[in-house]
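Shown below, as structure tokens, is a lone chain in the form predicted on its own; questions about how it binds or moves come after it.
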């Protein structure tokens, strides 16, 4: 499956073409100076030498046509443009509506246009690239992957600003975060290098380049990030100021500076360029500092100070870090910055190996990750050659092929595992009682089954003997409220929850649910969900089973287990996934990246 990834700027189209069966890069390049007579196409096919040639590109469509024409020539990596099976588009801002990669529809494009309010430079250019690519390749799926999406699960305490809450409710004024594909790629690469599951890791990821940001990643999820409503907040960058007193803009405007001039000052004339007075390129600033330039030295010290401050703050939020991960033009290539950031962090288990740090060049060495920490250091320091485009291509495949496509791929008789933690399905009436009449629950993240998602809101379970706080809600709403717990949870609550299939609630115990607007007592509905497998009709045919059958499923590994009495549920909109509760998962050492084997019909 060949996937084309496009990152369109106002006067450029950057691209990568992948064969996703192997994730091999077939071609990559950029068309620059789009819209001018001086347009030029720089490309590389496989391991061949770089090719630079002028190109007729009066607009984005012409640039994309030129890209497809070049790589479809005799002996090219494409037989023709129809050989491209999907296109992924990098989009900077998705706001609160577009919180995961999505197929591009007219409604999606409208939202991208609306989000240009927060990304006025990037989103219009991204949208122009989307429309041009859809014209050039009208018969393939186009998927938008958002810089903000990886941060969509930020806790409310991390994304809400200290301004009147009505501004968030009415205008979506909040922290969004950026560089999502890079932070996601760093986290996945760190887990692979450390030979553990990402769900077990606490990471501080540092994307340090012309744009720079730091993210706290807990179990694969972003829980805080340095960039805010726009990419201006946070670290000192090439030309961006990063964190400043908000009163600075007010002060300058009162002195006669226009909003446009303040915007240009903070976004284009500050940062390394503004402090050093030399250049926005860190290499030039570093060279000048080495030659004794005091302003260049100061620029580097301020840059490092900001990075170290965020690293320490995020380690505190995480309760410690398993690794600090560096990437980006500065993060990958400046041993000096890595050394200065890590200096004095021995209190959190960081001990740099100076020789490894000086020699680390993961991209030049052709390796994805280099460990530059001392052998027995508790907190690893990793340098990653980030690949945002590859991450986007993976998200395209996941979006097209279904929610399990990014795991160990389902082949033969294997079934991906989904660990079902305690959760609640609410009725409309109970939702109104807990949150207020007509309240609409907000999406936090999708779950394995299409159309279902975990909500940002939670409820408390109040039983005869104990309580469990902040229990997840799964939407959409149902006719009857259902509470699903594991046996251990039932012990805590003091409730004798029977083992039942979902929806079969007769003669089940009730419980009290507590929300921000009040409490409600449900007379029935608390169950331990019977383990089961969701299957699409095509997958059921491959396994030779039908809806309602009971099968055995085998789990390999250190705690090999055979699950019997696994109920099969078949429907045309289901995605293949086996659901077990947390007690069952812990007994068999399973997590959401595990797979199991079909072991026959009972």
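Bear in mind the structure is a predicted one, so any value in this text is a computation, not a measurement. Positions refer to the first chain, counted from 1.
One more form of this protein, predicted in complex with adenosine-5'-diphosphate, exists but is not displayed; see below.
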- Message: I need to confirm a contact call. Of 498, 510, 155, 210, which residue comes within 4.5 Å of adenosine-5'-diphosphate in the predicted bound form, counting heavy atoms only?
- Response: 210
- Could you spot which one of 283, 375, 200, 465 gets a heavy atom to within 4.5 Å of adenosine-5'-diphosphate in the predicted bound form? 283
- Task: Indicate whether adenosine-5'-diphosphate has at least one heavy atom within 4.5 Å of a heavy atom of residue 270 in the predicted bound form.
- Result: no
- Does at least one non-hydrogen atom of residue 330 fall within 4.5 angstroms of adenosine-5'-diphosphate in the predicted bound form? yes
- Item | Contact test in the predicted bound form: residue 475 vs adenosine-5'-diphosphate, heavy atoms, 4.5 Å | no
- Message: Check residue 222 for me: does it contact adenosine-5'-diphosphate in the predicted bound form (non-hydrogen atoms, 4.5 angstroms)?
- Response: no
- Message: Please identify, from 482 to 490, 283 to 291, 157 to 165, 339 to 347, the stretch that has a heavy atom within 4.5 Å of adenosine-5'-diphosphate in the predicted bound form.
- Response: 283 to 291
